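One chain is shown next in structure tokens, namely the form predicted on its own.
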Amino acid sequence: MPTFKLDDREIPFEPGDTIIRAAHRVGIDIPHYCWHPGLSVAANCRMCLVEVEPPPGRPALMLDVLAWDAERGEYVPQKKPKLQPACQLTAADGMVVKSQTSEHVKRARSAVQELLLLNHPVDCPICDQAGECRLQDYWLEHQAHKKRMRDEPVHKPKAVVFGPTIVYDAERCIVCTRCVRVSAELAKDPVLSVRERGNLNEIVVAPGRQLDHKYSLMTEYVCPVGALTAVDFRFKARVWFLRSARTICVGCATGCNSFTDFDPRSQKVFRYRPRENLAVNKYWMCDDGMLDYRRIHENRVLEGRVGGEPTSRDAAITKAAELLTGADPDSVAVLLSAEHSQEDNAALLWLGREVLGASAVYATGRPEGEGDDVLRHVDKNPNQVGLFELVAPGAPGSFTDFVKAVQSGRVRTVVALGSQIPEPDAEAVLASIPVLIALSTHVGPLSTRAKVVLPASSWAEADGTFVNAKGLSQESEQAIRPQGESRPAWRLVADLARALGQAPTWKRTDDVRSTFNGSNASAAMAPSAGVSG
């Protein structure tokens, strides 16, 4: 593989790579504002300027400049090499590039940083970007001196509502045009543009339009400063108090990789952020996914219920075991959920087959929704494919098949995972099931119609594995502690099995996970017969 030298380090690159992309790939950060690995090159911020040594035997291209001589009190002519933007400069084999080791580059970056801050408001204490702002980071790294301009800064519009999700502050904007390119290139909706020139320019929305496409929050996410803020996150938390878990978005079958940002003091989740995975979502997430974190705290089932009345989790488990004891295996069915992880579904499948003796296995989940050709999948469940892998070589029956089995009287006892059903019009059928036990995270058709409800933790409160539409198995980390009396559904299954006199051999997430990695869940999860709870 060809290489070039960056600050005396050999950097491999692929054909067509720019200097900054090749450096980014090996973990070297060349300072930048406008460049983004997922967008076209704009080369307008000039923060990534580097010095390139000429080929052997050729003189360097030098520029005539004026430099201030403090001792003489005047500007004097000097020469300096022509610097080039690393985001636009194509790498070549044997090229020698200076970034951190060039005094000319250091002075240029300091000047760029000072220019960008000339009219910038000093409102860091109230800016949502504070703590993760490149202007702050690069001032300390590349400028680190007080503002020299004493003139009144240029004032521009503030708190401009661009649309339902985004607010714009033109005084903070450095016009890197990342937001413009996200709208045009990712969302395919060029609703943003730049008007005016020099220190008067700003981002504007097309006349008669709003910033309302399905990837509007990505404009805020890529903003390197605090010019664009999300209505949802605005003035709600300081980022230095937040911690991040590496998670999977459960909003649809794409399975975008994400960071779940939460405050460990309050155990509250405040936002999602995209996590780079070139095989799945690259650098992006849709607005639906970005805002799906709200379901972690909204409309939750946090306590047990029997006959619609609140009760303790233990009492609900006892009642569920009582209803299941002596049930005819031929009339028992388990309803797996594409909303839940492989661990939760594998545990329920084991309970149904090995403890209850049921052979009827069906699947439920959220109804289909709107999709697109970028990231949004019509299947709004994160683990539909995973259910088929668990039940293989067979396949779970559809929810339509489940409804027919209930209406015919063949299924009279059901242990269900999840809250939603894919056919909302069929909710009334659930009320006709003599024994319906639901392990639910949210209030929904299943938890509303169930005789007994066990409170299941959300995806943010437990480690879990989800298989996306492409068949890629991905692990999601626990972010916060289980809320209320909820517990991971696989633990609720274990407790229920103990109450029925058969304890599983697995005690941790890894134990459950090992049962479905390469083998059928039911066959692998052998019970310890005769062990009581």
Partner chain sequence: MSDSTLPLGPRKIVGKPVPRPKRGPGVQTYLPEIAKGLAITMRHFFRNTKEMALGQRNDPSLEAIEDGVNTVSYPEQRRPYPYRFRGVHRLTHREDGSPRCVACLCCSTACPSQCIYIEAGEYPEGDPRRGYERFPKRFVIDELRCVFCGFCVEACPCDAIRMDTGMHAAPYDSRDQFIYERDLLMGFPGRDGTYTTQNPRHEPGDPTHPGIDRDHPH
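Owing to the predicted nature of the structure, the values given are computational and were not obtained by experimental measurement. Numbering follows the first chain given and starts at 1.
If you look for the form predicted together with its partner chain, you will not find it shown, but the lines that follow are about it.
*Report whether the minimum heavy atom distance between residue 77 and its partner chain in the predicted bound form is within 4.5 Å.*
Taking the distances in the predicted bound form, the answer for residue 77 is no, it never comes within 4.5 Å of its partner chain.
_How about residue 73 - does it come within 4.5 Å of its partner chain in the predicted bound form, if we only consider non-hydrogen atoms?_
The answer is no: residue 73 has no heavy atom within 4.5 Å of its partner chain.
*Does any heavy atom of residue 393 come within 4.5 Å of a heavy atom of its partner chain in the predicted bound form?*
No.
*Contact of residue 146 with its partner chain in the predicted bound form (heavy atom, 4.5 Å)*: Output for residue 146 is no: heavy atoms all beyond 4.5 Å of its partner chain.
*Thinking of its partner chain in the predicted bound form, which stretch from 270 to 278, 399 to 407, 138 to 146, 239 to 247 has heavy atoms inside 4.5 Å of it?*
Selected stretch: 239 to 247.
*So which of 303, 232, 261, 128 reaches within 4.5 angstroms of its partner chain in the predicted bound form, heavy atom to heavy atom?*
Exactly one residue meets the criterion: 128.
*Heavy atom within 4.5 Å of its partner chain in the predicted bound form: which of 115, 200, 206, 315 fits that? Just give me the one.*
For this set of options, the contacting one is 200.
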